[in-house]
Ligand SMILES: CC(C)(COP(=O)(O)OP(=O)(O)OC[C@H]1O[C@@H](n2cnc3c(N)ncnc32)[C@H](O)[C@@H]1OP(=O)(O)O)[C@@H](O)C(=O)NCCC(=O)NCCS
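We begin with a single chain expressed as structure tokens, specifically the form predicted on its own.
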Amino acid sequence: MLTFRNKLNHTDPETIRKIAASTGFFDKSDVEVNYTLAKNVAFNFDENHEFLLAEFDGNVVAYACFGELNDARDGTYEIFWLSTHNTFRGCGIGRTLINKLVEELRSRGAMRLYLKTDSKAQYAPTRNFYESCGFTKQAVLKGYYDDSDDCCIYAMDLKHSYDDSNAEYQEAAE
């Protein structure tokens, strides 16, 4: 059974390190950033980042690191890191995690959710995944990561859900 929690305990940072390393997408530096962020959040040294953890049968198998952007309008959030343990990829956990995060952010009155990812071919499945979850590409920053790797910025409007907009169309048709 899949469950979620947003409070990190003292063992979660190492688990997050292992999940990030399992993907094959993150280099050593990225894995350590994930670990350090989790450690700082777990020990209350960081108030700008939050985690939402997905657990399967009591074991953390995926996480999202996110936060409200201080330099944007209120209610604007970013997913900084999202990762599912390689053993569990393709099982729908990542999509469920994003849906749970969107539900949580909407309950806080959030307006927009952003994320950034690489443009390299290796990340095509990642970009396709985000698009299938309802994110749309908003911008491409050329040469952001390196000369041959642009930054793709995606966004999701949290003010309206698919069902809400569908209801509006039905009302307009009547």
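In this text, residue numbers run from 1 along the sequence as written. Since the structure is predicted, the reported quantities are computational estimates derived from the model, not experimental observations.
The form predicted together with the ligand exists for this protein as well; it is not shown, and the discussion that follows is about that form.
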Is Tyr130 a contact residue for the ligand in the predicted complex, using a 4.5 Å heavy atom cut-off?
-> yes
Does the ligand come within 4.5 Å of any heavy atom of Cys91 in the predicted complex?
-> yes
is_contact(Asn40, the ligand) in the predicted complex, heavy atom dist at most 4.5 Å | no
Using a 4.5 Å heavy atom cut-off, state whether Lys100 contacts the ligand in the predicted complex.
-> no
With the ligand left out of view, which of Pro125, Gly58, Gly143, Gly109 would have a heavy atom within 4.5 Å of it in the predicted complex?
-> Pro125
Of these, 47 to 55, 29 to 37, 116 to 124, 135 to 143, which stretch puts a heavy atom within 4.5 angstroms of the ligand in the predicted complex?
-> 116 to 124
Output the sequence-ordered list of residues from 57 to 83 with at least one heavy atom within 4.5 Å of the ligand in the predicted complex.
-> Leu82, Ser83
